[in-house]
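Below you'll find only one chain, the form predicted on its own, shown as structure tokens.
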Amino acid sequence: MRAAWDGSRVTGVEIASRRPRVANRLLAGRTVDEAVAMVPRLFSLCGRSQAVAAALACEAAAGQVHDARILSEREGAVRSEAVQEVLRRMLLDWPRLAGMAPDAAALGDARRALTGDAVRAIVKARIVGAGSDWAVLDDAASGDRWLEAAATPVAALIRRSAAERPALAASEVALLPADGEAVARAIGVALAADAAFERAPSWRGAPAETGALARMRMQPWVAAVAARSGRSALARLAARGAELGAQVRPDAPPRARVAGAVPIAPGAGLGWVETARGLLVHAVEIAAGTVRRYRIVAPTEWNFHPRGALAAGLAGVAAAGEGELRRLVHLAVESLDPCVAYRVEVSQA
């Protein structure tokens, strides 16, 4: 991405994705089984979620009814992967942004953990804080008290953001509804009408944001943070922390669905998955057991839309120097958690 800077504030933001869109080129013409097996090998991140979305899309296109047990197992795999993805960011990248050392050892322990209890212990010690109760983020007042006192790198980064730039990257870009199936159905209609929809997706004619903030907007502490700072980098960081805690705590409330299938027409279907980064949708058209067309609408295309949450949120951001500007831009980008490597360029206006 390129930020135009006049020495005082950002005057323009240009976001250009160079990520190759290979799904249709590589999958069209293959059998359904071949396509489903190949999908997770195409992506370095969220491979299990991609595989689940592919399987659900192909099953929906074939008119198959989903077994509740199998769907539950798939959702379990999606949730487990999401926790690992968030931990990777929180243990490696977030400490660096907070000026602290990354904790690769804890991440390695989490990846080797064979039980949910082991992962829960790591989250409790390294994210929430050993001296804090699981309910610390359940309401606005206790969440704010946790933020003041917790010594974890996650709390340190959120605290620093709240002190320095609470409204950084705040925008009026809408949040996608938390109903994954309803949004997926609307995406199916949009894909049929627009051959390039997956490159720059829109919701009701405008860009939208997906991810933890969209899912956690009603959680009391997250809602309080967003009320003070807007839909900002700070609110996104808070939402990701609160969501991780809600996912792994031993007394977790009933969970919303994180995956599903939507038949579109005979031979056409969608599979949707709520990944760590947001809503992922696979759309497939099948004829005689062979893939005719394959399309993917990924979270990154929503959040890094040329007129989306990042571009809108960075417009007008003030910085005393280029070094500060780069730090703020990186924080804004990381709050939206891109699934690909990115480069920040600053051009003097």
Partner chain sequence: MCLAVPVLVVKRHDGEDAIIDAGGVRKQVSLALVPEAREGDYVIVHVGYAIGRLDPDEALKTLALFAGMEPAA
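Residue numbers count along the first chain shown, from 1. This is a predicted model, so every value here is computed, not measured.
Although it is not shown, the form predicted in complex with its partner chain is what the next lines describe.
- Across the proposed site, Val22, Leu26 and Ser44 without exception bring a heavy atom within 4.5 Å of its partner chain in the predicted complex.
- Of the stretches 138 to 146, 238 to 246, 200 to 208, 105 to 113, only 105 to 113 has residues with a heavy atom within 4.5 Å of its partner chain in the predicted complex.
- In the predicted complex, its partner chain lies farther than 4.5 Å from every heavy atom of Ile15.
- The closest non-hydrogen atom of Glu164 lies beyond 4.5 Å of its partner chain in the predicted complex.
- At a distance threshold of 4.5 angstroms between non-hydrogen atoms, Ile296 is in contact with its partner chain in the predicted complex.
- At the 4.5 Å threshold, heavy atoms of Leu92 reach its partner chain in the predicted complex.
- Only one of Arg217, Arg88, Arg160, Arg185 comes within 4.5 Å of its partner chain in the predicted complex through a heavy atom, and that residue is Arg88.
- Residues of 323 to 347 that come within 4.5 Å of its partner chain in the predicted complex, judged by any heavy atom, are Cys339, Val340 in sequence order.
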